[in-house]
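The chain below stands alone, shown as structure tokens; this is the form predicted alone.
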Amino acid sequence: MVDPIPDKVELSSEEKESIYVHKVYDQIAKHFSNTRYNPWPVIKKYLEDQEPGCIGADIGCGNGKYLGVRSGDMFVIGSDRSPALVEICNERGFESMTADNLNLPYRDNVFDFAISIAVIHHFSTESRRVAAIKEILRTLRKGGTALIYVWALEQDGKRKFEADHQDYLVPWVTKSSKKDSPNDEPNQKTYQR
């Protein structure tokens, strides 16, 4: 496994996000979608607990795996910064659009709920993360709820993070086919934020 590296890249926030988030997800969209298909139980339960007839948003919907959790008695629209991921959502029959999380194309106070799963940590500064959360909250009606999940440095797993550094560039590695690489070496390593 390729280790993450601390994000010490000297670029503006917008440039960093463009290179290490937007371009990466457009590049890996198909592989990402093929590896992200099971809804997390806590998020599935949150969606199942919503009232019939409610309207919700999946901000940073990726391949739309949460858009189809409960269809028929509620409406959920997805948005993502990656046109390639939005295309996958649309091919799967989900309502989704390309949108910037810092400037969502929704009216104020419109949604009964919103989810944003594994998205906010992609913003390169604390102020941009706060702005993204405020933008999600702006779209909620009075009494609406939001469920937001981000990566946790403290979580157990294969990757090791330094305790004194908050932001990382994490490699996304795809394997070559056996035909292309008999040693099963990675053929592509892309760092994402």
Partner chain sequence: MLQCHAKGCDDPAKNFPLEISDFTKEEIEAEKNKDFLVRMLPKLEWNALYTTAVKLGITGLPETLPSDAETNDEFLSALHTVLLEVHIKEGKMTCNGCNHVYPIKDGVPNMLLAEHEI
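Residue numbers count along the first chain shown, from 1. As the structure is a computational prediction, the values presented were derived from the model and not from experiment.
Quick note: we don't show the form predicted together with the partner chain, though the next part is all about it.
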Practice item. Indicate whether the partner chain has at least one heavy atom within 4.5 Å of a heavy atom of R138 in the predicted bound form. Key: yes
Check your understanding: Is P41 close to the partner chain in the predicted bound form, meaning a heavy atom pair under 4.5 Å apart or at it?
Key -> no
Exercise for review: Flag H122 as yes or no: does it have a non-hydrogen atom within 4.5 angstroms of any non-hydrogen atom of the partner chain in the predicted bound form?
Suggested key: no
Check your understanding: Would G143 sit within 4.5 Å of the partner chain in the predicted bound form, counting heavy atoms only?
Key -> no
Check your understanding: Picking from 44-52, 28-36, 58-66, 143-151, which part of the chain touches the partner chain in the predicted bound form when contact means heavy atoms within 4.5 Å?
Key -> 44-52
Exercise for review: Output the sequence-ordered list of residues from 92-127 with at least one heavy atom within 4.5 Å of the partner chain in the predicted bound form.
Suggested key: E95, S96, M97, T98, A99, D100, N103, L104, P105, Y106, R107, V110, F111, D112
